Ligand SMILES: Cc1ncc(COP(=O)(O)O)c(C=O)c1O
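Presented as structure tokens, the chain that follows is alone, the form predicted alone.
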Amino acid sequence: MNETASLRARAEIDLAALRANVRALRERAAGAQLMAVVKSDGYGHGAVPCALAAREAGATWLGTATPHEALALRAAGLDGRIMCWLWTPGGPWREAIEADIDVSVSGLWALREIVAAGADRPARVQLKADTGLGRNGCQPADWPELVAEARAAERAGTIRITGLWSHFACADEPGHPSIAAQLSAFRDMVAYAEKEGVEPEVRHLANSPATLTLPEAHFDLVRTGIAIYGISPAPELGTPAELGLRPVMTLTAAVALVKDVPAGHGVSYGHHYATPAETTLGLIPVGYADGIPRHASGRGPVLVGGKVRTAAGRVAMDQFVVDLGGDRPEPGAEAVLFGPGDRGEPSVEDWAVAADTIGYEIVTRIGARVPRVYVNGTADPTGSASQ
């Protein structure tokens, strides 16, 4: 028997689809470099194999949130440009600098810690502007002071300012007034920094939705995250197929049990579902410990035996139930929770709607006890199964 055929559950990761998505996004942003964002373990898909596939398809940068994610890519042998942006005081500045990672600075405390790190090479620093998102980034009123101190450190040879960047708040809402306001603020803050002598290698603002819909925001580099995994950043922008993307992850489980029950039989905790008639129930052996959202109880769709069924009752920690309506698939039959839709299976977006959330959360929450099985690519260097 194929080793992966007997898995309780599996998340199949199609690296050919990821490579095709990267190429499609590069075409959308012709003239700009592309950063493949592989934070949160590649949005749940596996950071290292996805980073390798993205590089093969022409991604010139890799992006992570935390320094430990960036350092893990280096430890796995990923070369080229890597950027990370979510720092806290006392972070591993020296290790990141000596690993040749571009580090983001949003305030003076970070710049001063970089200078004090005493690395053996100048730090590659990207200054982040808060143009309206209100999270990380330097406020316009504080920008002159940050630029001045960064330029002084650059003249002293401690740092090299490699980039100027920011992040959209509402690029997934076409026509939102904040989009034009942020574009204007970013241009102003870049212009000020350049007037003060900053010569960035890259200026970047566009995330996945902006890459797809706002060519005026592409500048020198686009940062594509969810889109490289074949998931639409927002339903308003179109389905993956309409955007020229293909979902990369297919989540399946093996039906653990099929049994007959009478009418009126309660199903799962709290008996929020009772069978309306004599029927068959199928046990799907994944639950919220695997990342299946409990909020999708009674709504989450699953393809079993060629038909889309709905989670009956509450999703539990390790399992949930579907009402098979009298059908009798054999134990071990495949249940497809989501995938690209080739067989009529639900999509990531279907689960997002069922759980009242977004597709990003559905894939990133799939837990570590669901093996990632890589297809259409080279062997996963982390040792996971590959085909």
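On a predicted model such as this, the values are computed, not experimentally measured, just so you know. Just count from 1 along the sequence shown to find any residue number.
Another form, the form predicted together with this ligand, is not on view; read the next lines as being about it.
The partner is not drawn, yet in the model of the complex one stretch among 185-193, 236-244, 308-316, 204-212 has residues with heavy atoms inside 4.5 Å of this ligand: 204-212.
Proximity to this ligand in the model of the complex, defined as a heavy atom within 4.5 Å, holds among Leu164, Val286, Ile226, Ala217 only for Ile226. The closest heavy atom approach of Lys39 to this ligand in the model of the complex falls within 4.5 Å. Of the heavy atoms in Arg155, none are within 4.5 Å of this ligand in the model of the complex. Heavy atoms of Trp85 reach within 4.5 Å of this ligand in the model of the complex, making it an interface residue.
Though the partner is left out of this view, Trp351 does not reach within 4.5 Å of this ligand in the model of the complex, counting heavy atoms only. Contact annotation for 356-376: a single residue, Tyr360, has a non-hydrogen atom within 4.5 angstroms of this ligand in the model of the complex.
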